[in-house]
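Here you get one chain, nothing else, as structure tokens; it is the form predicted alone.
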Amino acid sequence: MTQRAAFWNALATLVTLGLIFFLIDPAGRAPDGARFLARQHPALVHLPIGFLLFAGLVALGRWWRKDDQPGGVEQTALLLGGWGGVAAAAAGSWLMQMGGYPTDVMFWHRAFGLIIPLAAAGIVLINAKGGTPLVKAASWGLLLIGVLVGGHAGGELTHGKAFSTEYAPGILKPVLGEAPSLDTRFDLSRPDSSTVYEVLVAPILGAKCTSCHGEGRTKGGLDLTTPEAIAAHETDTEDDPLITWGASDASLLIQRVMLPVEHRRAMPPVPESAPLSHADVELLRWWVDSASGFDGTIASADMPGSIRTILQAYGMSEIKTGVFALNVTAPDTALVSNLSTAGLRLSRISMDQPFFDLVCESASCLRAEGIDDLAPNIISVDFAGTDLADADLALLQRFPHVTSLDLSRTGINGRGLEVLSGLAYLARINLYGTRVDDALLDVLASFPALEAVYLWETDVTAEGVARLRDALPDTEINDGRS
């Protein structure tokens, strides 16, 4: 190719790319006629890369033979690759207008996508003019960098962070970059004390919403930076309320983030920000539907399986509640062994928990030597069918973490049961086959954590059971009648 033709090719490439850069506004809307070409970008971008890599191999072979004169095949491949890159840049710019891509990665993909055809045209011109080896090497280096960095950014756009570097050697990863670990996005280490808003909602809003709806820039008069600001907008919107607790479908916040990205009211608007991920939308919906507000903890919110799966992907381990959230020291194994030989049957609930089930054959086990040392570790006590009497019930106060108490078929009438109302974790009590009557029910109503009470074959009346159900509406009351 002559120098004149190579010059005009370089100038035409520069002008065309300039028109693409200045006339295709990233924030605009792709014309309907251009959308078909935009969707061909994946095909258009791979073809010129093939031509350019072929030209590079031809040039490498020529340099190996110490031949300074480029041939027609090399120049033609560079021309086809360069103008193919121009077409890919145009299609990519229109595709960018259609939205759905992270703007920071898109910037670098577009920038190096424009550099590639410029570098190809420059090499054609340098080859025609007979540039120095250093200039030729620099131009080929620029082309190679453009292909590698632009391709790396394209891989991130379509396949996510670190797609092209996931299996790179360890020495290269600090240079090429790694995707942030999922378990660093949200601090899920304390689900029993961390609020849904603080740990999940605020980071999502901060990443996607507060740049437009925050301090100093409140588009639409909306501020999403603090609980107070959000609460102030719950009912002052022109459409549905911003948030309707317990009803995400009626909440404008959720409606807007679920709209198709092409919709003019979709939030966040592209290309200012990429749309929320499906997981983020589901977390916001859960926050609203669970009515957690700004103070509800992760552990206390009703958690569907889909939300548990999402949070586990972000590093949440099993949520421990009640006694399992306590920091209780495992007992000395010798103590457990000694008590087991003294007529007590002890069973560890699991190898990774310091808690035990205790089965007693008589009330005398409550007076066994060393039992007080094991008391914090006992969460279930079974006295079924033993000689336990009401006078012995006071000794059960020594088990502060007991959650289940089986007193069935013992001789108690329940008159001493009120001493156990201070057991904060007692969830189940079995009184089947005992002599308890309605006088006991007011005592049971004062137990703070009861989930189930079993009253089969007792002297409790149907009217008494109905009264207890009214007093404990969330507790299972099973008397064998219904």
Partner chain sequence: MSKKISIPDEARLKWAHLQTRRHFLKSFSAGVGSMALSSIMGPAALNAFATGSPLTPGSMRLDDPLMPKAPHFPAKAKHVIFLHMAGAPSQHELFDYKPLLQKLDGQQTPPSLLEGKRFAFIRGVPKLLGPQATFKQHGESGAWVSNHLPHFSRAVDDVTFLKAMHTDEFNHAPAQLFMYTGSPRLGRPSLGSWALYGLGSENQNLPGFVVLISGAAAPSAGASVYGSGFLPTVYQGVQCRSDGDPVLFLTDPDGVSRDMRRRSIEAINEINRQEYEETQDPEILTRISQYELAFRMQMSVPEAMDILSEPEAIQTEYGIEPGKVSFANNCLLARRLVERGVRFVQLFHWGWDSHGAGESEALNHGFVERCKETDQAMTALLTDLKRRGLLDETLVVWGGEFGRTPMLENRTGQDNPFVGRDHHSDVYTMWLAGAGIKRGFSFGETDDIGYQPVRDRVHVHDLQATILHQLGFDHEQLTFPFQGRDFRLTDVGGRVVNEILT
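Positions refer to the first chain, counted from 1. In this text the structure is predicted, and so the values were computed from the model without any measurement.
Keep in mind the form predicted together with the partner chain is missing from the figure; the text below concerns it.
| query | Counting only heavy atoms and a 4.5 Å cutoff, which of 453-461, 40-48, 436-444, 58-66 contacts the partner chain in the model of the complex? | reply | Among the candidates, contact is made by 453-461.
| request: Using heavy atoms only and a 4.5 Å cut-off, decide whether all three of Asp187, Asn377 and Tyr425 touch the partner chain in the model of the complex. | output: So, no: the whole triplet misses the partner chain.
| field | Candidate from Ser211, Thr226, Gln353, Ser300 lying within 4.5 Å of the partner chain in the model of the complex - any heavy atom | value | That would be Gln353.
| request: Check each of Asp390, Asp373, Asp357, Glu282 and return the one that places a heavy atom within 4.5 angstroms of the partner chain in the model of the complex. | output: Only one option qualifies, and that one is Asp357.
| request: Determine whether any heavy atom of Arg345 comes within 4.5 Å of a heavy atom of the partner chain in the model of the complex, and answer yes or no. | output: It does: once the partner chain is placed as it appears in the model of the complex, Arg345 has a heavy atom within 4.5 Å of it.
| Does Tyr197 reach the partner chain in the model of the complex, with heavy atoms at most 4.5 Å apart? | Close contact is absent here: in the model of the complex, Tyr197 is far from the partner chain, nothing within 4.5 Å, heavy atoms only.
| message | How about Arg409 - does it come within 4.5 Å of the partner chain in the model of the complex, if we only consider non-hydrogen atoms? | response | Output for Arg409 is yes: heavy atoms within 4.5 Å of the partner chain.
| Applying a 4.5 Å heavy atom distance criterion, does Thr329 contact the partner chain in the model of the complex? | So Thr329 does not count as contacting the partner chain.
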